[in-house]
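Coming up is one lone chain in structure tokens, specifically the form predicted on its own.
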Amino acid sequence: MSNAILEVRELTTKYITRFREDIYAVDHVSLRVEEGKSLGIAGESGCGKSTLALSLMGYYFPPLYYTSGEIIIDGRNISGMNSDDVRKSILGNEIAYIPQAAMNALNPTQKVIRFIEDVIEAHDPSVTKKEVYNLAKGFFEAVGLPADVLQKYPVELSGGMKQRTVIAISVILSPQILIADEPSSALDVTSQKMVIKMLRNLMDKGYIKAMIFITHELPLLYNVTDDIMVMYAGQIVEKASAREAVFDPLHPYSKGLMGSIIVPEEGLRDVKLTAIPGVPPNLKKPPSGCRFAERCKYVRPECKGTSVPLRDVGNGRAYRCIIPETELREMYAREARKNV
């Protein structure tokens, strides 16, 4: 078995509102990403994906606070580390983060090379501008970006080129793991393919050892990641291989996500689209039982009682539901026959 680059155990983080209310956006989440592997995280907006990404870096700013759990990067536990130590020794070197709409973070009045100088000098003040340029030139060419991009202003680049440039800047220090939060959103299909190709190239060439790819488009992860976790209301509701999560989801929420998206993959393109009714629960006062119960068409009285643990079904697969796997599959099969 490969070594774990990132291992998270029962991580819980929360937001504290100005009215001193606790909102647990990441609730006892555990995950493992091994060297050479990529993990996808999917779910609706507001399910906790981006908060999980921020939490994994161990770098907290109010109103987000660490509550409990462990975050272990390449054998090093960063839980509870001083924020200055995290910024100096972890961010960029061990873990890199590409936030949503990252392309808009570039200052239009500065050339790309200046951003790279800032990143490298923050970790090594002794480096010269010539050394930075030579490093950046070689790195950009290696990941498929022309070196002349370094001397351009962000406004001279297309959206897809800006996004690829931001990715390159983020990983130029060769971190152990890259967290990419919706890196292909707001891009046309051609640019999306180029971004995905670049991310794969970074792993193939060893610039990063593992990756977490976050999106609300579950089918997209099938072409990018090895495994997928589905989040709902701050919790993990399903863990599976990419193929299982897309073609054979177990949890009713995962099933609903797949049923609400047009999928071009063979075997799914003719599936009738369905919507998930209702809205996610208010995390100021989450339900005591299954958090998806109010929206689930398979809900039972006992679903609204005590909390529901993840049900392990073997081979690294698990789902959070009281209904046994065989019963779920029977219900899905009957429903599919009705829709034929």
Partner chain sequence: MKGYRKYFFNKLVWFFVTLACAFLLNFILPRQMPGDPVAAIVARQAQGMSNTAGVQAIYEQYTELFGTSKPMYEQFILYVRNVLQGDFGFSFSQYPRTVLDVIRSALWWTIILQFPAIIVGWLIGNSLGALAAYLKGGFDKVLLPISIFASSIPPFGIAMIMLVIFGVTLQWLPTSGGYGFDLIPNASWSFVWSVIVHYQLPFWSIVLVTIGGQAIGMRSMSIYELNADYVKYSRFMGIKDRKIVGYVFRNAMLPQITGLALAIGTMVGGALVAEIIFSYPGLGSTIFTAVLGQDYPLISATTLIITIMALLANFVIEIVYGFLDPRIKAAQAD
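If you superpose the two forms and keep the largest set of C-alpha atoms that fall within 1.5 Å, you have the rigid core. The structure displayed is predicted, hence computed values, not measured ones. Positions refer to the first chain, counted from 1.
Unshown form predicted together with the partner chain; subsequent notes refer to it.
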### Task
Would you please decide whether residue 160 lies within 4.5 angstroms of the partner chain in the predicted complex, comparing each non-hydrogen atom pair?
no
### Query
Does at least one non-hydrogen atom of residue 59 fall within 4.5 angstroms of the partner chain in the predicted complex?
yes
### Query
Closest heavy atom of residue 153 to the partner chain in the predicted complex, within 4.5 Å or not?
yes
### Message
My question is simply whether residue 31 lines the interface with the partner chain in the predicted complex - judged by any non-hydrogen atom within 4.5 Å.
### Response
no
### Candidate from 72, 135, 91, 113 lying within 4.5 Å of the partner chain in the predicted complex - any heavy atom
91
### Listed residue that, although the partner chain is not shown, lies within 4.5 Å of it in the predicted complex (heavy atoms), from 122, 127, 142, 147
122
### Task
May I ask whether 54, 97 and 108 each come within 4.5 Å of the partner chain in the predicted complex, counting any non-hydrogen atom?
yes
### Summary
Assert contact_stretch over 73 to 81, 99 to 107, 233 to 241, 127 to 135 against the partner chain in the predicted complex, heavy atom within 4.5 Å, equals 99 to 107
### Query
Is residue 152 one of the residues whose C-alpha moves 2 Å or more between this form and the one not shown after the core fit?
yes
#### Entry: residue 88 C-alpha relocation of at least 2 Å between this form and the one not shown, rigid core basis
no
### Task
Determine, after fitting the two forms on their core, whether residue 108 shows a C-alpha shift of 2 Å or more between this form and the one not shown.
yes
